[in-house]
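As structure tokens, one chain now follows by itself in the form predicted on its own.
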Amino acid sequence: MGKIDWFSHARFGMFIHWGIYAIPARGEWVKSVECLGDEVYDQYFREFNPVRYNPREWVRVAKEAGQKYIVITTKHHDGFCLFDSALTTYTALHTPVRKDLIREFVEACREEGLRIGFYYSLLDWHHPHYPVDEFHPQRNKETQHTESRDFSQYLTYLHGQVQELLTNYGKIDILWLDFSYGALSGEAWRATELVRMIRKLQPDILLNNRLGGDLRDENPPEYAGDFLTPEQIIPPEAVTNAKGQPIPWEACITLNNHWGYCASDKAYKSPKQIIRALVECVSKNGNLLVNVGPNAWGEFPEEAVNILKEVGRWMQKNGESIYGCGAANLPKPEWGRYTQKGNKLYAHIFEKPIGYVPLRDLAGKVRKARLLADGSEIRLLQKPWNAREYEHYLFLEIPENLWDENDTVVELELEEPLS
């Protein structure tokens, strides 16, 4: 069993973006977007006191939604650390909350059997030796460009904090680094050295692709990672490498339009959108990582909890069509999508057709059909009317009261797996 296998079986995870930017509540990039100096932004550091933080409640929401792993921001671009670090005092331990918030989170995940992922930003707008570039909050202050900044000192800090994260919290399943751009990519981060340290400390850890390099290349560099991370988009087709072999990938999406908590952003996606996005990812051999941004008190937004509850109700009945499933060797049907696991083919019917549901190229290949939600038999028909062009089709007859407006899933037991 390869180390990526659990990830490809899980298919569904939760992303959590949380930090002192939850206090201004205008998104995780507020320091950069509004060019806030440290003298302004650090007021949030001095105020940070999430008195309602209960990681066990967060994990419970994820587990009830059917998510199998959680990736949490240990440090975002603003440089603030939710974990205890010997390398800086810019951590939660030095705010009014006075806690290592990551340690409590890790303990909660382990209690419930969820896999643990650490997000860590390669950027750091707080560190005195991180360069002032086009994203830096101080980019418009001329004096900041002439300050003495030694990038090598920042790299020592970055490598040291990654070492802390992978040493002080036991086994970690994913390290989600973010992000490379322009000249700051690949070996600019001392990437090969960093990855070798990561693999030595945590041999089974999965690493994403944002240090640089491209897994799709014929000879990707050592630091290219284990899986791709398309953001706010689902690839139009399954992702493959130069040899045409599938590459593990994970689409990360927000529930509204921000990663960090934004009080005014009420543009939430519907449970139906999330369910269908998950199905689309699995039908293309991918995972879905759905983000929640907790507020300043440490609570999940009520809207996010309600969406995930509805997704969880669907997953409780239909999760077998997601976990351990992947693409089927069939063209995408007009009414929805297919996922497959062994000799089980799952028809995800999004659009209710007039009359029967047509199954192209499956005549003689299906032993039985049942509604996955409750196991009830679904009738299979062949050529319900006299038409030679439908000889390769089967048709499903689904009773009117069995339709699910989110996604009606019919499990098709095949005579043998599709090749």
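The structure displayed is predicted, hence computed values, not measured ones. The first residue of the shown sequence is 1; numbering continues from there.
What comes next is about the form predicted in complex with a small molecule, which does not appear here.
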Can you check whether His348 is within 4.5 Å of the small molecule in the predicted complex, heavy atom basis?
-> no
Any of the heavy atoms of Trp29 lying within 4.5 Å of the small molecule in the predicted complex?
-> yes
Examine Asp178 and determine whether its closest non-hydrogen atom to the small molecule in the predicted complex is within 4.5 angstroms.
-> yes
Residue contact check: Phe80 to the small molecule in the predicted complex, 4.5 Å heavy atom = no
Partner-facing stretch of 217-225, 89-97, 192-200, 70-78, counted where any non-hydrogen atom is within 4.5 angstroms of the small molecule in the predicted complex | 70-78
Candidate from Lys284, Arg210, Arg115, His136 lying within 4.5 Å of the small molecule in the predicted complex - any heavy atom = Arg210
With the small molecule left out of view, which of Glu310, Glu320, Asp265, Glu231 would have a heavy atom within 4.5 Å of it in the predicted complex?
-> Glu231
